[in-house]
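Okay, here we've got a single chain as structure tokens, the form predicted on its own, with questions on binding and movement later.
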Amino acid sequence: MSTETMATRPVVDAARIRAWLPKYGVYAAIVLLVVYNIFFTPYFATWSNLRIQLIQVAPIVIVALGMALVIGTEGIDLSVGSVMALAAAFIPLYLGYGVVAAILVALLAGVAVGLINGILVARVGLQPIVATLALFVGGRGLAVVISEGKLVDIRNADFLYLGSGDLLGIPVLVWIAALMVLVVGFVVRRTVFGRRLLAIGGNRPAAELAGLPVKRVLITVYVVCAVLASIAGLLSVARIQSSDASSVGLLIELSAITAVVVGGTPLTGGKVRVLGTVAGALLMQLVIATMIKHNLQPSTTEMVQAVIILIAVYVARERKTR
């Protein structure tokens, strides 16, 4: 073996690792964390624990799917937590008219917020972080006003079934999240809308020159993101069996963005990794659960999450610059 071959092999191997990490690093991290917990965390490998973890991560997955679509267009949506709060505020007000009516009103609230965000971004021309920041603050304030700042217990058995019921031994909440994953994955990979979304995120000026309906796609993406947040909001209310607009969805936008970034979707747009987003949400949930079970301080958990985000962004940046 020549000296030149030996010198270049480490470089080639390092390049392969850098190319592999953005695609599969999150899955490897999940496997390592699961193996660690099986050996060192009591009662980790039980159905009851798995059930708890899946129930807790399901709303985050649903919100993160919408966030992934927005980030795929090189945007961001900071209002998803407020949309969840609005859904939570409307549910108890309209449950008296039936479960379907209450759910429709909650979803319409999401549509309204999504339209406002989309119009501000696509037609007014505001930066996404500025446009959605307004509703990040104002949306939750409106939700608190609507609910009069009260925590309202939910007693409707049909509605509560969405958050606490089982179907074939698996929580309904998890089934709904899985369905959302399939739908979003199909839209991104198999539809014209999905291809247009990625084209706009990859190069918006080129998409406009090609005659793509850029503004319409952007508005639709923000509406879809808000509707998914509404679904997560009403499911969260059904799970905790109460509506508290001041706490439902609080800071979930950060968890959603983290899941998307850790899952390999670049903040620069042009790509959406649906399964990676799900894996990112699962990884962060496992990190939090592991630290809680080992009695670590919440501040330590937050620092570890911050380190994971920095690593994910750095890896994505390295891949982008190559």
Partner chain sequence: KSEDDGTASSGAAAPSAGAQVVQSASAGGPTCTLDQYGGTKIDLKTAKVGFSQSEKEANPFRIAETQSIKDEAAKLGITSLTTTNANSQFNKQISDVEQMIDSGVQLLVIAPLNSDGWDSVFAKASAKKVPIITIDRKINATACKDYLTFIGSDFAEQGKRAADEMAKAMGNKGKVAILLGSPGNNVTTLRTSGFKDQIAKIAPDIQVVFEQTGNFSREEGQKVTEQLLQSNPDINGIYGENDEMALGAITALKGAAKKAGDVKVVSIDGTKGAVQAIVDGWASAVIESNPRFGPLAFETATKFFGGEPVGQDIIIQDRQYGTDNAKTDISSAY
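Positions refer to the first chain, counted from 1. The structure presented is a predicted model; accordingly, all values stated were derived computationally and were not measured.
What comes next is about the form predicted together with the partner chain, which does not appear here.
Residues within 4.5 angstroms of the partner chain in the model of the complex, judged by any non-hydrogen atom, belong to 144 to 152 and to none of the other stretches in 144 to 152, 89 to 97, 105 to 113, 220 to 228. Shown alone here, Leu250 lies within 4.5 Å of the partner chain in the model of the complex, counting heavy atoms only. Interface membership of Ala178, defined by any non-hydrogen atom within 4.5 Å of the partner chain in the model of the complex, is ruled out. The closest heavy atom approach of Ile52 to the partner chain in the model of the complex falls within 4.5 Å. Proximity of Val31 to the partner chain in the model of the complex: non-hydrogen atoms within 4.5 Å are absent; the residue sits far from the partner. Although the partner chain is not shown here, in the model of the complex the stretch 233 to 247 places heavy atoms of Arg239, Ile240, Gln241, Ser242, Asp244, Ser246, Ser247 within 4.5 Å of it, in sequence order.
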